[in-house]
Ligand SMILES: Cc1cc2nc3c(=O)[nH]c(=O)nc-3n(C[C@H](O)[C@H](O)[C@H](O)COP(=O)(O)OP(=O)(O)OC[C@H]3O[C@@H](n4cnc5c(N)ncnc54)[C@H](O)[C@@H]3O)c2cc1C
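The chain below stands alone, shown as structure tokens; this is the form predicted on its own.
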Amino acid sequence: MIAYNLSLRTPKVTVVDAGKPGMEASHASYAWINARPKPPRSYHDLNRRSMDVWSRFERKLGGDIGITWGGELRWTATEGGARELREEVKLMQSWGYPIRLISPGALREMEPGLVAEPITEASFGEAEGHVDTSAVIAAALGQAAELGTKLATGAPVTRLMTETVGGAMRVTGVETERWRLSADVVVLAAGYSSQRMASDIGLHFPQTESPGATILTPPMPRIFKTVACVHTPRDLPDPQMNFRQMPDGRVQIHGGTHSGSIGDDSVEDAEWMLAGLEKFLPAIAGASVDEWRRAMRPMPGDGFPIIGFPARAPNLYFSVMHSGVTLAALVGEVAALEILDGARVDFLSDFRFERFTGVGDRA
């Protein structure tokens, strides 16, 4: 997204990727576009801003880029879970987020194919959706290439090249297994590998080990009547699952938390997760695991993004984050402002690299 937005204003952009772009964390992502609830308020607002930008981004790219809107549905099965859900909805409504509690009857009417018993509470977040990351990345890079952006793929970056001028470090480009590429500005958006690359030049930040996994079925007839995605009760034992249907009919399922995903250890785990979904979604019965996607998710240690130029490397632009799909549309826009215009976007102040100053610093 950053390369696309830069390409709208300058042809002097090169995208370097170890393989085919978008085949790591973006490929494995459940790709849910949301701001639910994502405290503190500044982080919620960042995600909410980006949700609004996604529609504009969709119009700019034109055509079908794999975005599905329709909202998110979930319910609880215990009284304790119901209390937590009511408090969460109350908080998000106080922040102006379009979400509401709905009755069990309304849930069944919205999605009659779900088996949701018992229901102690339910909610519907009407602004939420999901995206086919492969489609949107291909469209964005395709248009960027037409505008002059160069794609250097199949080229793992081995190091960031630097020089010291007047006591200050400057990143001069990247070295790959095949090339040395010079640059005035380098954008570090290498997902999980970003921590290693930054650490190699003395910029340290903590990172949570967070494996992610999703599974996909073969294409199936339309399952959802109304919504874009569904989350099973968080107050029931595992597996707790999220599921959505892609534009091509495939159903994608994720189960787990930020610390890891159910199904990231073996094909058997993936099959077990798919079988576990049948009790909530009978239409899935008999479906096979068509594709099993795994990746390490880029998650800074405090759970929040790192965006922008660090003081110690003022021409190295960080774009390292979980919630990467939700935030991609907004970060692409504001990064172009900060890189090309020298702007300093104020609502990114909580997400700068400097909050990690002192972490692992070398003498």
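Everything numeric here is computed off the predicted structure, so don't read it as measured data. One rule holds for the numbers: they count along the sequence shown, beginning at 1.
A second form of this protein, the form predicted in complex with the named molecule, is not displayed here; the remarks below concern that form.
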In the predicted bound form, the one of V230, L274, A213, V136 near the named molecule [non-hydrogen atom within 4.5 angstroms]: A213
Answer option from G324, G332, P37, G66, heavy atom within 4.5 Å of the named molecule in the predicted bound form: G324
Answer range among 179-187, 195-203, 117-125, 104-112 for contact with the named molecule, defined in the predicted bound form as heavy atoms within 4.5 Å: 195-203
In the predicted bound form, A295 touching the named molecule (heavy atom, 4.5 Å): yes
L348: touches the named molecule in the predicted bound form, heavy atom cutoff 4.5 angstroms: no
K20 within 4.5 Å of the named molecule in the predicted bound form, heavy atoms: yes
Heavy atom of G191 within 4.5 Å of the named molecule in the predicted bound form: yes
